[in-house]
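Here we start with a single chain on its own, the form predicted alone, put down as structure tokens.
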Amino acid sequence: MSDGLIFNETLYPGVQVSYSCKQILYQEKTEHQDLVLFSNPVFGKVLMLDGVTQVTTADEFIYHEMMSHVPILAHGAARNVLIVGGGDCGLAEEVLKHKSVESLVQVEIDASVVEFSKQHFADFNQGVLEDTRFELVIADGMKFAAETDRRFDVVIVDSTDPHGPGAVLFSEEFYRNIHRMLTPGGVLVTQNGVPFLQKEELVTSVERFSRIFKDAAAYIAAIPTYFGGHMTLGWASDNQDLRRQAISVLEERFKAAGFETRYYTPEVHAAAFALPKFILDAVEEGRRKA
């Protein structure tokens, strides 16, 4: 037991977020990062990498549903999907709920994250590794994107923040390689932080998207784990109509998909692209800089 122990997240300068720890469940310094999993009375199991919160069992469904169902249902005909990162495999579980998806490739740099997730996050990734449509590639996402000749309808970058091994996954070179990998009209979705505290991360990503894709934007979700208000998810596609799908179209596709959600609805999907003014200003700043 570890009652009384506190884990502090100091990702945001001037702000400290603290989690009380009931028990340390797993701890390891891997080849790429410091990993710790502990239990918290509010958020359940909490995974931190290099002192930054990655996922919790209490609210993972919000992030994973919005990262997966929004691009797949907006696209409407996604057969081949790529996830870069996402070692806890919660995002993969949501993608595989779409029976229309024929193949899902997940590229994860750190095999240790996947190994411990099999044991500790089975409540939200069960069945992923046994699904015949799923292919796990242990490799550097940047290198994979530069070298692969495979093509995907949807690419989802479930990365850490732009520090350490995750920094290259925010580079223009990486986004250009993703653009090359996408089928015509395909869509890229990225993790882009909390703009109230990480505005420049969003501005820079949109700036880089805008140099490569015809449509560079973002949408939002409210995820309690990620302190500071709305989280933004970056959006890039050469099909400028994808993020403007009518609710009736999304309702039809969601009904046909035939599964239940806890956060995502077609109405929430459409509304997620209606950005608060300060976030819209950041997106527009990025577009102007391009």
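Start at 1 with the first residue shown and count on from there. No experiment lies behind these values; they were computed from the predicted model shown.
Unshown form predicted in complex with a small molecule; subsequent notes refer to it.
Asker: Where does the small molecule sit in the predicted bound form: which of 77-85, 209-217, 145-153, 178-186, heavy atoms within 4.5 Å?
Answerer: The contacting stretch here is 77-85.
Asker: I'd like to know whether N125 contacts the small molecule in the predicted bound form, with contact meaning heavy atoms within 4.5 angstroms.
Answerer: No, N125 is distant from the partner.
Asker: In the predicted bound form, does T160 come within 4.5 Å of the small molecule, counting heavy atoms only?
Answerer: Yes, T160 sits close enough to the small molecule in the predicted bound form that at least one of its heavy atoms falls within 4.5 Å.
Asker: Answer yes if any heavy atom of Q33 is within 4.5 Å of a heavy atom of the small molecule in the predicted bound form; otherwise answer no.
Answerer: Q33: contacts the small molecule in the predicted bound form.
Asker: Can any non-hydrogen atom of V105 be found within 4.5 angstroms of the small molecule in the predicted bound form?
Answerer: Flag for V105 set to no.
Asker: Can you work out which of L250, M66, L47, A236 has a heavy atom no more than 4.5 Å from the small molecule in the predicted bound form?
Answerer: Contact residue from the list: L47.
Asker: Any chance V101, A221 and L242 all have a heavy atom within 4.5 Å of the small molecule in the predicted bound form?
Answerer: Checking in the predicted bound form: none of V101, A221 and L242 is within 4.5 Å of the small molecule.
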